[in-house]
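As a starting point, one isolated chain is supplied in structure tokens, in the form predicted alone.
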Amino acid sequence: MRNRSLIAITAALAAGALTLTACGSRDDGKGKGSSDGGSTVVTIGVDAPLTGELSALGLGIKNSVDLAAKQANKNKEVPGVTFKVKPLDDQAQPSSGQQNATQLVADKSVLGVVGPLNSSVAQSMQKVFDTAKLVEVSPANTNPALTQGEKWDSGTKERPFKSYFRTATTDAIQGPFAAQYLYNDAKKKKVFVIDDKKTYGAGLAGTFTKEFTKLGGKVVGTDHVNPDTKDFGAVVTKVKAAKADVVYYGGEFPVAGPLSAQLKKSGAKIPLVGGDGIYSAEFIKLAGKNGEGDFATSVGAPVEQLPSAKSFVDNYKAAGYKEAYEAYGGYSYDSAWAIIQAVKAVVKDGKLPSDARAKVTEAMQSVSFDGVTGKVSFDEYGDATNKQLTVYKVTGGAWKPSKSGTFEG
């Protein structure tokens, strides 16, 4: 978000795995992985919204990292090393994220951090981690500037922080991919674009708009909404007056769900489309029956196309977590596993080098493995080399894959 992307989840999983529940949880609430790996303790930090409106996504991130640590310890992935997890709640707020980054840096056992969910939060954390040479791998951030600099859109790409990586692809691809689908496949020609003015939402809406107009589509109106508001009467009136045949929303599901419902109730029977920030079972709950026919893009291929995802899904269910792994579970597991592999590359006979953080950050650039979400590796900017994306449609009260592929610029 991501802000952004799961492994991309199929309809069956959207209806089932997205709502995984268990009578009891093996998670103690503190996110600590089992301690049967070895005498050297390595902590993986997690920063995500664990409370608040986006907590469904944040808890899925935390649990998936916890699962990776437990699997690494169980299988003695790094001989002599025990992995533990330290989760911190940023409440989707940049100020909290920065405080959490400082706290994680102060814990000398922390050699890597998974998160955050929100690109705006990442912006507040990057320099703190980079100064400490502490590697950060986000499963969800999609704003291109985080890895390619503020001038990326003009063709001048410069990596701001060498300690920052991500397993999710960027909005430079996600927005245009959605535009091509809507214009070429869904035959939508007139769009009303709305965003929440946040880093993720505004950036995603911008890349979508650029490609949609390039294709020949017409933007018949634009507006912004306050993410703390739940009454969208004013913007709904504008959408109806503009005679748009689709609404593109740059933002997250807590707003997108009610916005979709209010659009349909007003008589504007047109689909709402968004990015991975709305690809959640929670969107469907908030939109209700009015969400039928809406679309979302998310990173990765549908899970039925990823045999590697089966063991993750099975292990997650067996672990008894109370919350679903949600949209970023697979990417969170892979982010944690990337840290584990980087640690493995620098450990000698169960011992860490004196400059472990710097060495782990350096090793991350060369990490490559077959993960839950497919091939995991990073390019020269720290971006995921996996550029796969999927369009999902709400059909029969569940997200179902409509088209999967890569953006063709």
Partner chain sequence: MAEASGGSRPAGGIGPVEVHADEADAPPGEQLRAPGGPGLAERWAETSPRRRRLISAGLAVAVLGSAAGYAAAHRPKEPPPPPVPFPTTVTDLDYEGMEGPAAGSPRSFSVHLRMTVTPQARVPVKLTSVSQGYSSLSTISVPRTPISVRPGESRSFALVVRVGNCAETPISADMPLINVTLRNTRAIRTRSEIFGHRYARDLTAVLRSICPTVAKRSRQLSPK
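Positions refer to the first chain, counted from 1. None of these values were measured; they are calculated from a predicted model.
Just so you know, the form predicted in complex with the partner chain exists too; it's not on screen, but the next bit is about it.
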Triplet S39, F161 and R357 all within 4.5 Å of the partner chain in the predicted bound form via a heavy atom:
no
Segment assignment from 205-213, 87-95, 242-250, 318-326: heavy atom within 4.5 Å of the partner chain in the predicted bound form
205-213
Is L306 near the partner chain? Define near as a heavy atom within 4.5 Å, in the predicted bound form.
yes
Within a 4.5 Å heavy atom cut-off, is N73 in contact with the partner chain in the predicted bound form?
no
P176: heavy atom within 4.5 Å of the partner chain in the predicted bound form?
yes
Examine N184 and determine whether its closest non-hydrogen atom to the partner chain in the predicted bound form is within 4.5 angstroms.
yes
Answer key, the partner chain contact in the predicted bound form at 4.5 Å (heavy atoms) among K157, K190, K133, K127: the residue is K157
Consider the chain as shown here, without its partner, and state which of Q180, S120, N290, T82 has a heavy atom within 4.5 Å of the partner chain in the predicted bound form.
Q180
